[in-house]
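Take a look at this single chain in structure tokens; it is the form predicted alone.
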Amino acid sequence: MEQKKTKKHSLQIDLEKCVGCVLCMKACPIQAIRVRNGKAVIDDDRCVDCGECYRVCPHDAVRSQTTSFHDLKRFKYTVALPSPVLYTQFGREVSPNQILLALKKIGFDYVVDVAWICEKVNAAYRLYIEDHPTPMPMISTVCPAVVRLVAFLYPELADHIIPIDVPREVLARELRSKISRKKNVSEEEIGVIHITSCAAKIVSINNPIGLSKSALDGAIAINDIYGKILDVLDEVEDDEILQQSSGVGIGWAASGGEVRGIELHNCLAVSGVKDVIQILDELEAGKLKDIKYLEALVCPDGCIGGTQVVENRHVAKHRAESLVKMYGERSRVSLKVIKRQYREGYYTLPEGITCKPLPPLDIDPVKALQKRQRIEEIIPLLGGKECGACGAPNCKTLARDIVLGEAEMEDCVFIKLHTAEHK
């Protein structure tokens, strides 16, 4: 049995496997998990799908819900949009073009080198930054977990999110209409599927921020499709060239890839959810004003460190660096074409970032202040052990839960022991 959740999130708790060990609760960087009645519970309103709970669970009790390969049968025509991360999951003898051809061989009707579109979006980033020198820094939209972090916890930074859409969405919008006309297939019969290293991508499809509706129909995890690709690689013949990208687009697989491609001074790349939060804290405090662009990715070392990969991220990073050198560090895209598309709004995020700040302690400011004061009064009474045995990440969050009526003082094991000793 799994914790019932809406399609807002991809991460779910398998209640039959969960033993209430509190590791996921302790790992969650935004305190979205509690342990209640011996089982972990994820707060839908706080979760940003960073995947830290998935990484630390020793019991395989955190599940990531992505699209199944078998779901493709419901479409008449299928399109694969693989993340550049996919190229880093195989050995040196396997080229990106072979991997793209293998995707066709396992059943996709049309396969596109998304790394090529990454290069185009990189150029659009630069054009936007040159047109809009403030506010600084602009923040990448590539990581949906980072966009959610800003929308939930840093709403005052929303205008720093660069209003350029992500490559997968830009490409999906174009291909759906183009294929419909060319193949005489209705747009509803076309399944455009992202091949991803990250569970948060499915969230950006089911519950997008900045879009009224995603142009994608699903996201298949790399670790789910890897075996199918591996099985047919020996049968692939390089009789068709699908790869268009240089090393610039392929470099997007690892942290620093966007910054390398944008070719502007004073850009910063940060990866890992704790480091991202630290940087956002500094930005909120008025620092980093000399940084033009911030590439922020919650997975360690970037998308190659996603939760849905096969290869060790250090090996994958080495592979990415080798591919960048092999295919060149200069982009192959036509800047003239990019400028025209940019002016026409081809890369523009259709809607602005809608912030969804976490609810206050109370809608009444006076009551909210009183509750805040009560929290500060309760914290010293809880022992300060920060053990998590109460089912909350720390004493402060337990105090907050108590004030909101979601927990009791006796949930603290030290208060419970103290009470028992004086009976």
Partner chain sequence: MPGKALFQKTFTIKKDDFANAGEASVQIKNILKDVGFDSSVIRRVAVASYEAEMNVVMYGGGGNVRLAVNPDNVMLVVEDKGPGIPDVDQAMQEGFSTATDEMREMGFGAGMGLPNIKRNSDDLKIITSPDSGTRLEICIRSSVSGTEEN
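Small disclaimer: the values here were computed from a predicted structure and weren't measured. Positions refer to the first chain, counted from 1.
This protein has a second form, the form predicted together with its partner chain, left out of what is shown; the following refers to that one.
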property	result
Stretch in contact in the model of the complex with its partner chain, which is absent here, among 103-111, 208-216, 266-274, 279-287 (heavy atoms within 4.5 Å)	279-287
Of 381, 56, 387, 369, the one that lies within 4.5 Å of its partner chain in the model of the complex (heavy atoms)	369
Option touching its partner chain, based on a heavy atom within 4.5 Å in the model of the complex, out of 154, 327, 90, 116	154
Site test, 184, 188 and 352 vs its partner chain in the model of the complex, non-hydrogen atom cutoff 4.5 Å	no
Residue contact check: residue 71 to its partner chain in the model of the complex, 4.5 Å heavy atom	no
Contact label in the model of the complex: residue 376 to its partner chain, heavy atom within 4.5 Å	yes
4.5 Å heavy atom contact, residue 360 to its partner chain in the model of the complex	yes
Residue contact check: residue 400 to its partner chain in the model of the complex, 4.5 Å heavy atom	yes
